[in-house]
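Shown below, as structure tokens, is a lone chain in the form predicted alone; questions about how it binds or moves come after it.
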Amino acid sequence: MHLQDGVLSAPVLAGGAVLAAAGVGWGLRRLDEAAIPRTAVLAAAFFALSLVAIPLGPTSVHLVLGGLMGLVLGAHALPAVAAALVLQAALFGFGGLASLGVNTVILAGPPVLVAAVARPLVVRAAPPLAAMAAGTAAAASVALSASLMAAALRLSDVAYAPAAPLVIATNVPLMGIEAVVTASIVGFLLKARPDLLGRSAEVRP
């Protein structure tokens, strides 16, 4: 779900850079020492998983675990994703440096927003419902990311308009995969490390 350099217009690139800088700065200000290890682990997971991509025209489709990052990291997901994208662009030319801001907004913005809505249910609900809410949040995060990508393409050039529905449609299978994987991981965390999800050590049956 990375946009390559040379695809987007200058105004879209500039707008994405401004939004990404603001979001990453906000996330860094909220990052404390205790959160650094889990932020680094999930950033590494994102880095590795998103390198295994299926090219799709100017973009690509891959597993990102954005919903999980949003639920566990909250605002810290923004600098985590940005750092991983910088390394991918610098080391592998994946995504590109000019598109870094837009890609950060597309891949990190939706998980943070969706998790803010879903997190209260994940924190308070019984484990089966909490895992289901996490899976739904993961699917919604992918849908929103795909929609933002389609919007960025459409705003850059009207010639990309026919590609916008294709970008969203090709991410539908990814929505299901992300939902299942995230729900499974959250189900495990509810038993092993509920504190990572903001729950007390005692998980309700």
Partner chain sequence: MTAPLDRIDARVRCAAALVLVVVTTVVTSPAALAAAAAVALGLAASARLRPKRLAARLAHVEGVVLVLLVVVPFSVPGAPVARVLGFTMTAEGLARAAALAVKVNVCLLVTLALVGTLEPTRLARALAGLRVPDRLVHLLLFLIRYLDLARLDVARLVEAMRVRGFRPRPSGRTRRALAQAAGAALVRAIERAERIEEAMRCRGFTGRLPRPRSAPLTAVDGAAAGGVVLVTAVLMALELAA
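As the structure is a prediction and not an experimental result, all values here were calculated from the model. Positions refer to the first chain, counted from 1. Here, rigid core means the biggest group of C-alpha atoms that superpose within 1.5 Å across both forms.
From this point on, the text means the form predicted in complex with the partner chain, which you will not see here.
Checklist entry - With the partner left out of view, is Leu196 within 4.5 angstroms of the partner chain in the predicted bound form by any non-hydrogen atom? => result Answer yes; at least one heavy atom of Leu196 falls within 4.5 Å of the partner chain in the predicted bound form.
Checklist entry - Ala44 near the partner chain in the predicted bound form, any heavy atom under 4.5 Å? => result Judged by the heavy-atom cut-off of 4.5 Å, Ala44 is in contact with the partner chain in the predicted bound form.
Checklist entry - Does Ala137 reach the partner chain in the predicted bound form if we count a contact as any heavy atom within 4.5 Å? => result Flag for Ala137 set to no.
Checklist entry - Even though the partner chain is not shown here, does Pro120 get within 4.5 Å of it in the predicted bound form, heavy atoms only? => result No - in the predicted bound form, heavy atoms of Pro120 and the partner chain never come within 4.5 Å of each other.
Item to check | Partner contacts for 77-92, taking the partner chain in the predicted bound form and a 4.5 Å heavy atom cut-off | outcome: Those in contact are Pro79, Ala80, Ala83, Ala84, Val86, Leu87, Ala89, Ala90, Leu91, Phe92.
Next on the checklist: Relative to the superposed rigid core, does Ala143 relocate between the shown form and the other one - that is, does its Cα move 2 Å or more?
Outcome noted: The answer is no; the displacement is under 2 Å.
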